[in-house]
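We begin with a single chain expressed as structure tokens, specifically the form predicted on its own.
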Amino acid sequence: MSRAFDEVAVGEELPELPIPLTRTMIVATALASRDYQDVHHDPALAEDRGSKDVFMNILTTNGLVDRYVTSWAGPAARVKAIRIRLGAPNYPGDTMVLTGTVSAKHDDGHRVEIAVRGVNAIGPHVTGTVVVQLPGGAA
């Protein structure tokens, strides 16, 4: 079911989404997004470069943020912008918990801004804003 612009309120919180960070997920999503940088799939080379292990790439993080917001907004939503900043790495064996809050609504174009944050055991992995266009009337 899709969210309607009229049903959304500034300050509304999206449900939390915990994402288990497995080694397979980190490696597979890096390779699927054609990011062959060794720090995303080779533990020994990641350590040689100063990391404690392989870590998630930004394309995967971007996709997970998109999935999080569109799962809440529904299939009729159109993503207009995603602006994210990375922080603490996502390492295998941890869990990232995505949270979000509706931070603004714009009548022109039925756009809704959502402040998004993804936190793991080290701290904030991703922070940013997603802008979606929602259908106008109550569903």
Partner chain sequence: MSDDYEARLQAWVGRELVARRPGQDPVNVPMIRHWVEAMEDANPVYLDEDAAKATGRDGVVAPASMIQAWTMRGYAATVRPSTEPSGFDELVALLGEGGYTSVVATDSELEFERELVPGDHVSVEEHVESISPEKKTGLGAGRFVSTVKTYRDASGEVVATQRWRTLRFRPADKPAPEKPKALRPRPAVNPDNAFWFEAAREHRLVIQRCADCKSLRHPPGPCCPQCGSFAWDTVESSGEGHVYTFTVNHHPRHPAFDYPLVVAVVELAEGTRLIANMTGVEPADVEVGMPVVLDWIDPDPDLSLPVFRPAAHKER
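Bear in mind that the values here come from a model prediction, so they are computed numbers and not experimental data. Positions refer to the first chain, counted from 1.
The same protein also has a form predicted in complex with its partner chain, omitted here; what follows describes it.
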| said: residue 82 versus its partner chain, in the predicted bound form: is there a non-hydrogen atom within 4.5 Å? | reply: yes
| message | Taking any heavy atom pair closer than or equal to 4.5 Å as contact, tell me whether residue 35 reaches its partner chain in the predicted bound form. | response | yes
| task | Would you please decide whether residue 109 lies within 4.5 angstroms of its partner chain in the predicted bound form, comparing each non-hydrogen atom pair? | result | no
| said: Considering non-hydrogen atoms and a 4.5 Å limit, does its partner chain approach residue 53 in the predicted bound form? | reply: no
